[in-house]
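Next up: a single chain in structure tokens, the form predicted alone.
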Amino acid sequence: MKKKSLFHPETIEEIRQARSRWERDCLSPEDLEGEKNLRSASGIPLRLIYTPEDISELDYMRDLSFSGLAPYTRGVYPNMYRGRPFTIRQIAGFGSPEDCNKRMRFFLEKGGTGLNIVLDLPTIRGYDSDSPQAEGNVGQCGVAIDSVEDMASLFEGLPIDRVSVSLVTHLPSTTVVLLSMYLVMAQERGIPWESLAGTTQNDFLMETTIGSAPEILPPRQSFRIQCDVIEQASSLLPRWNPVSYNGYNLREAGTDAITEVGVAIANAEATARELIRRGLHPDSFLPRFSFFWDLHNDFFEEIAKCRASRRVWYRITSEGLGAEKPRSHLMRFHVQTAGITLPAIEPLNNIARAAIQGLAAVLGGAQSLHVDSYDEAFSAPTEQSALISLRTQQILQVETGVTKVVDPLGGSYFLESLTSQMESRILEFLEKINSLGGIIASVESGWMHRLIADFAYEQQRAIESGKFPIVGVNYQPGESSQIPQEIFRYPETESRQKQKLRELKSQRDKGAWHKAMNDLRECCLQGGNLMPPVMEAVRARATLGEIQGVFRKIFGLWEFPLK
């Protein structure tokens, strides 16, 4: 008798019948109660057990194939971590540029292989440290950067021609300034731009949807600047990712995993279509697109999300955008573990949460990783807690063995079924965005804001009712909050930054500054790529706040449509 293969239709039917007998003979009705109401974190129904029946429709070569080959479900590179270990990053950002420089040196000395620079709120929002809006926040939760001189101090002595640098720049209107400062700083140090590797965030949804700044540009202007930066970087910076489509902060604000990925991909597709409209070939910029995911505690769903997102992006770049180079189809992404899942109650539990989330990122095929520190509900991480996060990544990379085999969970009945369902739901979400007129229209109408607000409200209700269990908080709650023995204290920064600004403005060439600012205003009014005049303004020692002031005056401000 010839043996039938595992996925032969007759075998699948035999499994289906056997499953029915098993449920009838081995399980009680109570055992199957979960079939009616258990869901993944994004609402996908969960079965008690998975079999080949659940993935019988899977076409191996169409849906999985091999790592490094379309549709890249199993990874973007053939040998994945054996040939290219994930970049170990830790966010650094507090105080003055000089203070932050010391922390970055510490990371590199301890084995970090990439630097993530987070800016303080005034910088993120485009204010100088001497602005009234900056008072009390200078150097808090990020480093203060006002001018190219600060950028030079931040990276003084650091090997930026050999280490990948991620500038967490949030808004496109600040990205265009801060990236220009970074490039001018490198040029003045004699470092060729071709050698610079790294990423800027540069996501217009951070400016218009997440709400990290009280004064923001209209969505279409912010989107224009986002595209300007990508267009310019595509010709100047062969190793730089000029955009990191940010699902992370969207998830932190209030979305599920499907929306997180769907919104980011919708933004990426809209950007690509705009750059093609400007005359660029998709293969000239798609290879430098990067993405940024937020991995929560639903372990298998998060791995499935990473795998499904690669598959969806391949479908879009190959079928919708006409890209031809293999690298244009690669969804490369950075993962930061979920800060919003780390409560202040019993904070040492957060070490376990972050490690599990980091493991999901590695099993999901991330290109770089940042593991959050256990004390982030209290302050910027102390040196000790940041070192634990760094060591967690190193343990994952060299001790656990999970990097030795590509996509080690591939073929799991459950994971493959979940990956396919995530893919279907992400594609449905993208169709919804298209039906609303595209990603910009969905923001302008307020639809995106209502989606986030409604999810965040329901999530909080689920936490308060205990439906969404959190150990130590609403499940087996701790008796009292345990404050870490050491809480990071910010160095005094505001007065030092103000003094530096006074000196800068008194010493710069006023004629050159006036000309550069006038040229910038003309470009805002007449059109054209904004990055070249911004770079000239930076060279003339214009500050971040001064350049942002031009944008605000000419483009006007926009308010969330939440009425």
Partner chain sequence: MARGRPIKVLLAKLGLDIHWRGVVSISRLLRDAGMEVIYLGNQFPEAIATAALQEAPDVVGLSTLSGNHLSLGPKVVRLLREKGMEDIPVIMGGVIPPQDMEELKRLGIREVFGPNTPVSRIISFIEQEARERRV
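Numbering follows the first chain given and starts at 1. Values in this document were obtained by computation on a predicted structure and should not be read as measured data.
Omitted from view is the form predicted in complex with the partner chain, to which the following refers.
Novice: Find the only residue in V402, A441, I345, I395 having a heavy atom within 4.5 Å of the partner chain in the predicted bound form.
Specialist: Only one option qualifies, and that one is I345.
Novice: Give me the residue from S235, Q460, N79, S435 that has a heavy atom within 4.5 Å of the partner chain in the predicted bound form.
Specialist: Of the candidates S235, Q460, N79, S435, Q460 is the one lying within 4.5 Å of the partner chain in the predicted bound form.
Novice: The partner chain is absent from this chain, but in the predicted bound form, do G254, I452 and I487 each have a non-hydrogen atom within 4.5 Å of it?
Specialist: Yes: each residue has a heavy atom within 4.5 Å of the partner.
Novice: Just to confirm, R125 within 4.5 Å of the partner chain in the predicted bound form by heavy atoms?
Specialist: The answer is yes: R125 has a heavy atom within 4.5 Å of the partner chain.
Novice: Answer with yes or no whether L562 is in contact with the partner chain in the predicted bound form, where contact means some heavy atom within 4.5 Å.
Specialist: L562: contacts the partner chain in the predicted bound form.
Novice: Considering non-hydrogen atoms and a 4.5 Å limit, does the partner chain approach T209 in the predicted bound form?
Specialist: T209: contacts the partner chain in the predicted bound form.
Novice: Taking heavy atoms only, is A377 within 4.5 angstroms of the partner chain in the predicted bound form?
Specialist: A377: contacts the partner chain in the predicted bound form.
Novice: Which of these stretches, 260 to 268, 369 to 377, 412 to 420, 187 to 195, has heavy atoms within 4.5 Å of the partner chain in the predicted bound form?
Specialist: The contacting stretch is 369 to 377.
Novice: Only counting heavy atoms and a 4.5 Å limit, does any residue of 130 to 161 reach the partner chain in the predicted bound form, and if so which ones?
Specialist: Those in contact are Q133, A134, E135, G136, N137, Q140, C141.
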